[in-house]
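One chain follows as structure tokens, the form predicted alone.
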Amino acid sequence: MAKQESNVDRIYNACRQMAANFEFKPDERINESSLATKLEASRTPVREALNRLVAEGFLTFQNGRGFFCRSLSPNRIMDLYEARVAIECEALRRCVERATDDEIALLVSYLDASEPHYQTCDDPMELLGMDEKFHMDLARLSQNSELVLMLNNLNDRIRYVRLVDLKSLRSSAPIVASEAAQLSAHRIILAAVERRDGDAAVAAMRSHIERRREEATDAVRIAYSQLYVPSD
């Protein structure tokens, strides 16, 4: 039984990564037979994985037609950013109320240690991972596992466009100028948490997230051009 469960998890994780990275093109119908062959699996665990991904928002299902990759549009990305603002701001309020001084001090220490590398790193994926870690660590201090679960799902669904946006930003601005500004936003947020000033922390978080949301249209356009670039 354990081996069967492990195989199901393997198939699910592979399908989830493919969906998150838009290896299925936006709105593309998914060929279950071809996918099962690619993953060296039967169609039953593949269908189970696809159904889980529908529930998580990575795919859609149409009766009589099958499974489709989620859409990639500015409106959809805006929806995800708005949801992210709502979840992170609520989690941050709970963090201010519930986190211990020692827990906050640990996050300050992480920011102190990561700042030099954050300012000079030229790997967009690593930078995005560091940013997500900071936000997830803050959310965990809310002591609300449902908020953490929802934020993790949103991060996975929006990561592709965020990475495209970050790569574009890095190519058009110096490393220190662009990323130090973002890190400064983290500092402002965390300083407000240290003061137990929920309103200031939430205002800083909202501003931090919404600044990049405004670039969603350009990021989606770039993402489409990358996804559909002709292969040689």
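Here the structure is a predicted model, which means the values were calculated and not measured. Heads up: residue numbers just count along the shown sequence, starting at 1.
This protein has a second form, the form predicted in complex with the DNA, left out of what is shown; the following refers to that one.
Site annotation in the model of the complex: the residue of 27, 197, 48, 56 reaching within 4.5 Å of the DNA with a heavy atom is 48. Within 4.5 Å of any heavy atom of the DNA in the model of the complex lies no heavy atom of residue 192. When contacts are judged by a 4.5 Å heavy atom cut-off, residue 7 counts as touching the DNA in the model of the complex. Residue contact check for residue 60: none of its heavy atoms lie within 4.5 Å of the DNA in the model of the complex. Taking non-hydrogen atoms only, residue 31 approaches the DNA to within 4.5 angstroms in the model of the complex.
Just one listed stretch, out of 159-167, 199-207, 184-192, 63-71, contacts the DNA in the model of the complex at the 4.5 Å heavy atom level, and that stretch is 63-71.
With contact defined as any non-hydrogen atom lying within 4.5 angstroms of the DNA in the model of the complex, the contacting residues in 37-59 are 41, 42, 43, 44, 45, 47, 48, given in sequence order.
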